[in-house]
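A lone chain, given as structure tokens: the form predicted alone.
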């Protein structure tokens, strides 16, 4: 799936459009050193694609998995404009793969080195991947337990009618009850699908539901590879015997690949203890991190403080605009044309996210200081509409963003939401 994603990015020209052409990028806090490398960015994608291929066939697996994690995560961190939950999920899976024995059977490594072959592996190795997938789904379901999603069918009540041109189901998507049905079914699906996938009696039907659910979301919403990544990843819930039968069938097509072995793979005792301790810390962090939003005042969907990396998938519709004014101590003033510095996607994402507004304001401060402005101040007129509500200012218009600092502390210059969305 990652190899296909790299090829897709390359052939559609998105590497140039997203990571080379823009004049400014939005780094993640604390990762300012990660940025596009000009034309060399193509090399980063090439390394990612090559490592994905090597992991896929199981050649030099450990090194390839490490390279895949580093290259993909670097791509993910270059610009938060392109942030998606499934990028974060992929990075975490790639990190785990470095330490898991995914190459001990049906791999080039196992074909080249018979001593590596094993027919059985410790349950916790596949169990850890299942747990990560389950956390993604359950936290996505918990996030949907809010009044906008369940009681108002928002934002699906906004999104679904926009697809009324679809054949057969198009007219239905304009019905309010359909939006409510999608909202409630989506919430129940996320909260319960890991359980149905874990139970042998319901696994096949649950997997069919996974396929139907994600194919439908792929048809309705422009969310890229995410549905297909989840369809493929859910196969981890099937038993070792099921995978063994599948590998045996594939083995008839590739006779040179070893597909059966009575050997049990075992880590060295000390290494296994370290890995299990590391996984425990890893999952405690994954469990707690999505709840960091509780440390911030204000409405999460409005401030977005603690929103990213918390498995909040397609929960809100925000639209807005931001017009910046730069002035200095001599009275010079200029209204900024954002299109001179940002792509349409960057401007769209920046206009509704406070931390990106602040980063862009700092860029403008430094840019115009270089143009001769003395101690430039940066103000923004920003109006944002959340889930169909009337637009309102996101930033107090008298706030000089050039003087505000970007930290993990609450941003006091974000205006109050003056509404309540109950739940998580």
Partner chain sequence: MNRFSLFLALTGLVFMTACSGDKGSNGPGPDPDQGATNRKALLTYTVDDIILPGYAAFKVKLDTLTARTNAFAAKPDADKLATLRQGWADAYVEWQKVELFDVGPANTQTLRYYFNIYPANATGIEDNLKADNPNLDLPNSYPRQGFPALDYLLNGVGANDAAILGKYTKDENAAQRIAYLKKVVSKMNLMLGLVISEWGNSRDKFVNCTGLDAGCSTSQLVNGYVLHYERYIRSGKIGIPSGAMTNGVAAPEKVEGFYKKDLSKLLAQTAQQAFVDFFNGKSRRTGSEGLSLKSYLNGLNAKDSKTGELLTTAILNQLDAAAKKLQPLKASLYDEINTNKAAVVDVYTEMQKVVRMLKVDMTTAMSITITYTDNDGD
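Keep in mind that this is a model prediction, so the values were computed, not measured. Residue numbers count along the first chain shown, from 1.
The same protein has a further form, the form predicted together with its partner chain, not shown here; the description that follows concerns it.
The candidate stretches are 88-96, 306-314, 239-247, 184-192, and the one lying within 4.5 Å of its partner chain in the model of the complex by heavy atoms is 184-192.
When contacts are defined as a non-hydrogen atom within 4.5 Å, none of 76, 398 and 408 contacts its partner chain in the model of the complex.
Exactly one listed residue, out of 122, 119, 224, 320, brings a non-hydrogen atom to within 4.5 Å of its partner chain in the model of the complex: 320. The contact with its partner chain in the model of the complex, taken as any heavy atom within 4.5 Å, belongs to 176 out of 176, 276, 112, 292. Looking at residue 335, you'd find a heavy atom of it within 4.5 angstroms of its partner chain in the model of the complex. When its partner chain is considered in the model of the complex, residue 389 lines it closely, a heavy atom lying within 4.5 Å. Heavy atoms of residue 213 never reach within 4.5 Å of its partner chain in the model of the complex, leaving it off the interface. In the model of the complex, at least one heavy atom of residue 385 sits within 4.5 Å of its partner chain.
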